[in-house]
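Only one chain comes next, encoded as structure tokens, the form predicted alone.
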């Protein structure tokens, strides 16, 4: 969606943004399923496990982000690094298309909050206890989950921009007053959020089934669908609205 939006600002419509968000649901569900293939594997997060500084997970994330930065990943506003300090510049020529978002988007990165809830609250809900020794694969899978969730949450820039452009008269008074609570109310649609929670729960139930030639009716899923619903209800949607509010507060600068 970012590439489409950047090619022509007229492409940035609420319908297109919603389509992009729905596609990202699939990615998030599949990456959670992939991570559920491994147990917790706690040595992955032990800062004393290997000879390099920090944990194996931190090493994998930092090194991967450095490489991805060189090839231009973080030139897209919704792609935010977890370790932004001292990332190398992109070696890929920037796109010549005019920007769609207000420059304020570049200063909003809430990956610290995403990292915290992912490891301290979400991961224990779907990764079984245990240690199978696949620490590098575990770290790589964690990074896949983190990046998919981060992209979905920071896509709030586009949601906020299209909503603002569709009804600036609704948002400008709250922006000028720097009214966070008022903006949050404008951005909250409980019926829509309930629909999203039900949709991702159903996706987790469908995508996570064990496929058998003979239906044994056990109904077991690789990731509990209620966990995916909870992920959206407790973390993804609230943090997306936080990104939207932070963006809108700066939208008239």
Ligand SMILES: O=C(O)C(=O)C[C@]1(C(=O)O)C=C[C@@H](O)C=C1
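Model, not experiment: these values are computed from the prediction. Residue numbers count along the first chain shown, from 1.
Beyond the structure shown, there is the form predicted together with the named molecule, which is absent from this document and is the topic of what follows.
With the site C-alphas superimposed, the ligand pose in the predicted complex sets the named molecule onto this chain such that no atom is closer than 2.4 Å to backbone or C-beta atoms; an open site results. The stretch among 100 to 108, 76 to 84, 173 to 181, 152 to 160 whose residues place heavy atoms within 4.5 Å of the named molecule in the predicted complex is 152 to 160. Heavy atoms of no residue among 27, 201 and 231 are located within 4.5 Å of the named molecule in the predicted complex.
In the predicted complex, at least one heavy atom of residue 189 sits within 4.5 Å of a heavy atom of the named molecule. For the chain shown alone, residue 193 is a contact residue for the named molecule in the predicted complex, at least one non-hydrogen atom being within 4.5 angstroms. Contact annotation: residue 18 falls within 4.5 Å of the named molecule in the predicted complex, judged by heavy atom distances. At a distance threshold of 4.5 angstroms between non-hydrogen atoms, residue 237 is in contact with the named molecule in the predicted complex.
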